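Below, in structure tokens: the form predicted alone, a single chain.
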């Protein structure tokens, strides 16, 4: 479409918009309806629209007849809400039209500047051609003048030599004539006979010489036809479309990609005529040899626009792109290569490493992408009582690592998912997980477990088998307990109140409590200053309970064996309390200001099982 067509279409739109604006302007100067009060005593208001399109409502002081003459004005009076809605809609339409006209004016200004720039470049182009033609003609003139001078010099030298030869012949003839005359005048016959023969002989020899009396050179100059083919080519090139210059690929714009596609744009900084473009692309592999022997195969797309969407690509992959322009004259040089990236694959939330409490949740995930991503976005939405998702959604953006601590409201249930983000845009959502803030929820840290411990499939029950393993068969890691058959829990690092319960039978000897993350792995729980625990010992006569810290326990006796033990941790008060959950009975409380975050700890001192119950609401009696 040419500029005239654009102008025609746009001017029609401008004319139509101007009529609408005039109509709006006329309407805005009118004061609207004034109505009488209704029988019920409600007073209608009159309104006027200023030229700045703001609304001003004024109460009617005097009752006037309805403009329609009807007694009941309810059929002829706009309701206040309807009037406001109509005016707002009209105002929005006008604002949209004004914005459209401003955009069109800006577009016209850009076209005007582009025409000026193109004219300047074309004028420069013609001037350059003119100077080139003049320079070529001047060179031809100088070459022709030099040739003529050399030809003139040759002709004059030839004529001069011939003139000298004629002069010498004339001198010789003159001398022979004078000698012959002298011999002829001689009176002495004897002397005459003696000298006449040599003279006759010289005359005969001179007569035998052939004297060339024709001109040795032509008087005409050779006039060769001037070779102006290159000048003609230069003149013709003014009307020939030149080959395009190299395009320039624009940098990748945010949100311009998907997992399998890229939207690429480029520009031409000239008014070159282009019939089509060819976009080349190939993936950038980290292990590609420097010599390029195993370089990935490049692909090509042919388009007519200065943009293209490339599909069927790899997720979270870098691609190298370059483009050429082609017209009837030839192909432009290739643009400089640009790097674009597709959107990453969705992350994978590691549910076994997520934990929560009534005030927050700690979400961990793995990227699942070979190339690094710029950041992550965590999205959460609150679900209703029946598990339906509410419309309120919150996003936490620019998360730099693969974990995020989220502040939540207590007693709610949330669906949480994660997106990976790079320059191309955000990935699809990961599979969502459900987080409940009813109570504290955590999993056990398998990498801390003693080799004799085994875990249930759900990860909340630990077993200590009857069969003893030899020391050589135990695989100890740096983080595993080596002396105490114990395991740590992954409690969320949030200060506040946390509660969980432990279920054991009366034959199992155990230790339950809390410990710092760096507690000694070759010591028993409660035997050092970095762990606090409740210990159960089975004796032939009774159940013995100890509350250990630094190897010391107060002298307490518990008469009823607790099958389900409640553990309440209060960071603010600096307390760790134990309860018989079935009887709601307080057993013991440690008082300590925890300087660092602690982890739940569980140990079995003899074969048996222990089950952890978490994610439950703390009973009212635990934090009194």
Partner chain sequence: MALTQVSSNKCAGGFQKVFKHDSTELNCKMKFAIYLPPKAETDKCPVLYWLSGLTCTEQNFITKAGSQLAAAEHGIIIVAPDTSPRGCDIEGEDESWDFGTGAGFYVDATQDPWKTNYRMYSYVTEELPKLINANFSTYPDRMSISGHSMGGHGALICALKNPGKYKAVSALAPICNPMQCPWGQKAFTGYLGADRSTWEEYDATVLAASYFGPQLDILIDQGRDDQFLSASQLLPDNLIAVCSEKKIPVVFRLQPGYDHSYFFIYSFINDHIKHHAKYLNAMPHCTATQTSVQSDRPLGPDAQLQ
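Keep in mind it's a predicted model, so treat the numbers as computed, not measured. Residue numbers count along the first chain shown, from 1.
Just so it is clear, the following notes concern the form predicted in complex with the partner chain, a form of the same protein that is not shown.
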Legend entry - Interface stretch in the model of the complex with the partner chain - options 257-265, 548-556, 433-441, 148-156, non-hydrogen atom within 4.5 Å: 548-556
Inset, instruction - Would you please decide whether residue 560 lies within 4.5 angstroms of the partner chain in the model of the complex, comparing each non-hydrogen atom pair? - result: yes
Inset, instruction - Determine whether any heavy atom of residue 584 comes within 4.5 Å of a heavy atom of the partner chain in the model of the complex, and answer yes or no. - result: yes
Legend entry - Residues within 4.5 Å of the partner chain in the model of the complex, restricted to 609-624 and counted by heavy atom: 620, 621, 624
